[in-house]
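In the block that follows, a single chain appears as structure tokens, in the form predicted on its own.
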Amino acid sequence: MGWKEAAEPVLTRMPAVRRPEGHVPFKRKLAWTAGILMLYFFLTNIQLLGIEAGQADDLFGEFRAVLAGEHMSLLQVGIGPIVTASIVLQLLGGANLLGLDTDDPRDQVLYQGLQKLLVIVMTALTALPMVFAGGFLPAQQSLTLGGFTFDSTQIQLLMFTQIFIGGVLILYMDEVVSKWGVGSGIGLFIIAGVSQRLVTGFIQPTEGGFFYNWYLILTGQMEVGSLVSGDGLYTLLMSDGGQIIALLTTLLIFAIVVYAESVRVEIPLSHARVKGARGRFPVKLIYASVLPMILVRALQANIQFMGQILNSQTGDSTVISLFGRELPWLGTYSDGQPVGGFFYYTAPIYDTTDWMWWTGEVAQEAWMVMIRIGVDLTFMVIGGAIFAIFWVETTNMGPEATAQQIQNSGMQIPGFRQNVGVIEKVMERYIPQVTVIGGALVGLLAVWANMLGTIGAVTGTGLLLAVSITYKLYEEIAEEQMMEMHPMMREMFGKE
């Protein structure tokens, strides 16, 4: 008996959101999407019951824009478990260890069930150390609810249960949007989180806001200084928190992503039976979208998460120790942040204060900073290309799957025989190369934006994701409206 036969009774019984039986009107899709978005914001504003307020450290703080959710809320883990489960499945599928054929309806059900089971397991594995190790989410000493008094251990169990329920909720919220709404839940939650941080970072009148330092200069509380030192001009130009360079970086990311989304190779198509019916299949520069970047950053987040857990077990020592031996090559920490060793070099560059060593704000030597930049750049560029390839293959966007979709829609490439194999060979000229180039380019853009900083400290990756997902959401809404106006097109393109 193989693993599929043994696991089938469990995987096929995993709760699932029912698919719509027919066409879902566009207005109803928008209503479902808006409803889930409101529920998401509602859940992010519900604080965990039993937590000691003001003393919790966000393990995913620098990755929060990518992993969504909200610190100390029901959605503490965000989309992290979903992304981690996707990484595991993509790696297993890429190595052909699962033995699942996604074209087989039975294997599709098993794959979806396995993905949900993995998300639930990852939610538990992420929440456990957050609550029970290192004091990252410190519990109150006692809590009275409905006449019952809970001790600290019971409160920790209560907190774990809340985080676990929130992780499961976000899994099914994503599924509702994917089946009944517009776009995907993961993309929607990232847009929501990044947009909120951008708006807050731009308009808040306190420290970290865009206009805060301008206000200090105008009121005489900060000297103008010079461009290379001092408070005023230098702070406006270089400081973290969204100043002049951060504003320019934010605007440039918007412009570059919109331009890159419009760069494409268009393969002409004609309908085999309807004379005069023509179309084009666009192979975009960012063919795999920027979603593989979530996988790369999530992998980095999990590495840093492990470092934080190990550091929390070292007590007063700043050096990570295992089995009673200090291992400085593995990691040295100061104020909860890696300052040396493996976990320092694998930590992403977050803003200008992480790499501009000549300003005196960086404690590390120049060669250490250069190695960290090189590792981050290599990780993002190569990782972006690799995960883009996995993404294309697992989402049926590869040459073979694309050729089959074109064939099924009744279209063909003019000048070529109407044959799946012929269409596939044409697609192989473009899709693999564009996938690798696009994935590497997105990784490069993410590192560059992170190094210069962005408004609201959303990180370059978060901003890149938000802009690209919003652009694709706009395209999908336009396509849905067109399908609504011309019902016959739904039948032609298999949307019914």
Partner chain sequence: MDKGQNTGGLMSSAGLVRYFDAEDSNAILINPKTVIATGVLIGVLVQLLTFVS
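Residue numbers count along the first chain shown, from 1. Not measured: the values here are computed from a predicted model.
Beyond what is shown, the protein has a form predicted together with the partner chain; the following relates to that form.
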TODO: Please name which of the stretches 432-440, 57-65, 455-463, 31-39 has residues with heavy atoms lying within 4.5 Å of the partner chain in the predicted complex.
DONE: 31-39
- [ ] Kindly confirm or deny that L91, N302 and A403 each have some heavy atom within 4.5 angstroms of the partner chain in the predicted complex.
- [x] no
TODO: Examine P25 and determine whether its closest non-hydrogen atom to the partner chain in the predicted complex is within 4.5 angstroms.
DONE: no
Open item on the list: If we define contact as a non-hydrogen atom of the residue within 4.5 angstroms of the partner, is W355 a contact of the partner chain in the predicted complex?
Closed with: no
- [ ] Using a 4.5 Å heavy atom cut-off, state whether I320 contacts the partner chain in the predicted complex.
- [x] no
Task: H71: touches the partner chain in the predicted complex, heavy atom cutoff 4.5 angstroms - done: no
Open item on the list: Only one of L114, M159, I186, I253 gets a heavy atom within 4.5 Å of the partner chain in the predicted complex. Which one?
Closed with: I186
Open item on the list: Counting any non-hydrogen atom inside 4.5 Å, which residue from F132, F211, Y345, Y172 sits next to the partner chain in the predicted complex?
Closed with: Y172
Task: Neighbours of the partner chain in the predicted complex among 321-344 [non-hydrogen atom within 4.5 angstroms] - done: none
